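Encoded as structure tokens, the following chain is the form predicted alone, with no partner shown.
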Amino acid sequence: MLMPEPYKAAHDAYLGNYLSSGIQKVIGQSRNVVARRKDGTTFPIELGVTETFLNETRFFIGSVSDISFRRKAEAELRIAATAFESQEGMVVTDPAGVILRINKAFMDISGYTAEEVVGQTPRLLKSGRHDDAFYAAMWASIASTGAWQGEVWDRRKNGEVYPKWLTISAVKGDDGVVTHYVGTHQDITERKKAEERIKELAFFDSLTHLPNRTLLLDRLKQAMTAGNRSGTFGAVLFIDLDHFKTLNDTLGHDKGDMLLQLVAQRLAASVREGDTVARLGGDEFVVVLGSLNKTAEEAANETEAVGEKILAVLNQTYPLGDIDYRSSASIGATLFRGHETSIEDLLKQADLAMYKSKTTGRNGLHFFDPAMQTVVVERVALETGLRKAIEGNQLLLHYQPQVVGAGRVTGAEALVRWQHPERGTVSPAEFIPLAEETGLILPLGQWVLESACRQLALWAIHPDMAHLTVAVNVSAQEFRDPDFVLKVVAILNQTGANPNRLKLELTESLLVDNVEDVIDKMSALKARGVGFSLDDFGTGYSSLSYLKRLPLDQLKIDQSFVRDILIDPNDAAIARTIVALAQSLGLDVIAEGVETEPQRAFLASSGCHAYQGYFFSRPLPVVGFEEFVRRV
């Protein structure tokens, strides 16, 4: 027997221990040691030694057994035992599906003890969510391939239904006959929650939990496909909340978020179960109605009924924390059948119809009209043209005289005009709102201010014109620009205009957002000599608490009060109140829209002695304005 060191030493120690024990046996002790084969490899053996006497002569008989196979089998059993008690639940059944054994992980997952399930079948765990066909397919796969795995919903002992990943493997004997089934059960509840969260982030709005644009497009596509099969119409409703920005600006974004959540709940409760309510973003929502009538007229009637229902529920009071808030919505609707119109075009049509509701007074419903598309095309062309007009020489300023007393000219309001090369003169009422919506108001406003300041500098060198002031309208977007003050100062320095002759006209809409910033910017320009007039006074915010803090020079009575000042007692009272307020605050006051001598006389009797309007002059090109000044 060849034994490597230190294995030989172990063998010798064993034999020495045997001899020194003094025990005389026919069958002695045995020990496991390691031996070496002829090729040098080692292997475990069981070494046994027995003692016997023959003719009073002692003999030792040694037995050697190769225990490699037994060691391997023992190791595999230990591995199997360890694996069986892993983190995954395991169940062993006989060929009939009767449970023979479960591990601790399965007890933790299911809530059952071994005593409660051994002898039962896995049917004990059924949740009821899978039909017979599901289980038939499962066992067919096991019969043909020897295994199956997939997602299953089971029921715990406490009645809770949960998802798990189940793997079933058939154990076969040497004859190929199934002797056992082994099932591993992995609780995937947390994984499913994570998947649902990921799905929610990808397809649902985080604030309202409504479908987002991505899921909306998919649902709309499904509705179009269904309508194509059935021949029925569907409808898209585009919903925009009225005055939502004002709510955010005055009460804060937290109240705005509360309103959006309540709106989402009311919309979802106003439609059928198969319809879709989605949030596009901001205060814009879309409703998709499917499977309406097969005739366009009846489908439109059904859509209108849903729209009116939505308007009614959205017009009810909303509890926003400690306040009750009233809101309304503007809705645009368009019908579709099958895939006759693309998804993007449907959304555009509904959006256009919604804007029609906005322009006709809000809190209403309008259907898309093909004529609206023509308006949109013209609008896009107008926007493109306005960009070119700002960059080119298509804009010019007209000046409307501002007078005191019987007609002495003290200054003018600069009013921009657009001379379109093809359309002729474009009304400011048409392109100024467009500039506001597209952001073009910023370069447009800068052009107006630069042009007016250059004209001021030119008038300063003519004695008969040097006393004139120029009023320039400034939009809220311009004033909110962080660099607004620097830009105004740069223009004054560049043109050489006298800042004491420049008057900036602001609107009350500025006062609903960051009043402290407004005051800081006004004060900075006021320190350089620039004056300020509050335009359209009385038509907007009109907060006296802010008014007394603003570094104003003048209040301007809006023409809407002047127009009916002789026949409407309310307008007359408002005009007199504005005059009195201006006097109490030490401010000048001017009335715009004065068109008749009786209007001027009434204003004069009320204490207003500065005017602007057609009674004195229309807005004039610079040459005509200069002639008017010299003439009067």
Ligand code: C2E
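Because the structure is predicted, anything quoted here is derived from the model rather than measured. A residue's number is simply how far along the shown sequence it sits, counting from 1.
Not pictured, yet referred to below: the form predicted together with the ligand.
In terms of contact with the ligand in the model of the complex, the residue from Q261, Q400, S509, N228 that brings a heavy atom within 4.5 Å is Q400. Out of the listed residues I432, V118, A268, I142, I432 is the one that sits within 4.5 Å of the ligand in the model of the complex by at least one heavy atom. With a 4.5 Å cutoff on heavy atoms, E595 counts as touching the ligand in the model of the complex. Shown alone here, L415 lies within 4.5 Å of the ligand in the model of the complex, counting heavy atoms only. Proximity of S475 to the ligand in the model of the complex: non-hydrogen atoms within 4.5 Å are present. Among heavy atoms of D351, none comes within 4.5 Å of the ligand in the model of the complex. Note on the interface: of 358 to 366, 110 to 118, 423 to 431, 193 to 201, the segment with non-hydrogen atoms within 4.5 angstroms of the ligand in the model of the complex is 423 to 431. Residue Q559 is the only member of 550 to 588 with a non-hydrogen atom no more than 4.5 angstroms from the ligand in the model of the complex.
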